[in-house]
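Coming up is one lone chain in structure tokens, specifically the form predicted alone.
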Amino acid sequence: MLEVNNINVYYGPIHAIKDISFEVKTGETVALIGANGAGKSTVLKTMSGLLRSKTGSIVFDGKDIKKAEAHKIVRSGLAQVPEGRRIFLQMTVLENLEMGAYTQKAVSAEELENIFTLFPRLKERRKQIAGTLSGGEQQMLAMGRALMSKPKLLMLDEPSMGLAPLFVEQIFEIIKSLNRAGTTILLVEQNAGKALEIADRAYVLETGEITLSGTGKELSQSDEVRKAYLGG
């Protein structure tokens, strides 16, 4: 579904992403793990059209989207849940979800109901101002908003960051259920243990370069990964 070939991304003179390649197959959950500052979020922003690679190609669903505008990338079926959630704090929960459907011809009542089934707490709070939600609830809202665009591939940037342990468990269970229901997932996550538990395959990113790749199980058992990211 997604094939990234030899991309290089710069912040001015800083070479942030260095000639990396990876792929995400239809139906997979693929994790991108690494320390803070390794370049994980930069990769997702490049997939979303918010940053540009100077080289290579980004082929999504058979089309090169490297030069496509961000809203056209969303319309093609690729959605991102950004780090820090970035919900519309002054809008209600329902209004946030409706904003997620801006690429659709109309807000689907059926799609809204699907979101409320997945996130019952959002249904309870649908008229509540989003800025008054807890951190975990805001993360659920950010995910629900992205799902309203009916993505083929959902990219999640640090979904567990700053959440209480109970919410972390809930978020990862939701990610698993989304994948089982047919959504392909690209997951960027500092919680390497949790990410590798649910990933079919994973890549390790260090200072802008992919240094290791394998199945989630292989990397979770790797001495190098255990020492660097799993505390073992």
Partner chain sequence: MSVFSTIVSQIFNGLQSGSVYALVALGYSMVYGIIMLLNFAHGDIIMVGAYIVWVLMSLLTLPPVIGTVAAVVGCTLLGIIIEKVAYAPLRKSPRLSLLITAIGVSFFLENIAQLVMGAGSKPMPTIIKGTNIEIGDAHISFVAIVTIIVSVITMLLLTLLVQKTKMGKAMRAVSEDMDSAKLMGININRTISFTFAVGSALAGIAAVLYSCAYPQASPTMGSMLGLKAFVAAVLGGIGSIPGAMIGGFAIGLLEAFVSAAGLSVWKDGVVFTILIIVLIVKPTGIMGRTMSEKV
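Remember, it's a predicted structure, so these values are computed and weren't measured experimentally. Numbering follows the first chain given and starts at 1.
What follows is about the form predicted together with its partner chain, which we do not show.
Proximity to its partner chain in the predicted complex holds for all of H71, R75 and R86, with the criterion being a heavy atom within 4.5 Å. Figure note: of the listed segments 169-177, 42-50, 23-31, 56-64, the one touching its partner chain in the predicted complex, with heavy atoms no more than 4.5 Å away, is 42-50. Although the partner is absent here, N114 is not a contact residue: none of its heavy atoms lies within 4.5 angstroms of its partner chain in the predicted complex. Its partner chain is not drawn, but in the predicted complex it has a heavy atom within 4.5 Å of Q138.
In the predicted complex, its partner chain sits beyond 4.5 Å of every heavy atom of P151. The shortest heavy atom separation between S108 and its partner chain in the predicted complex exceeds 4.5 Å.
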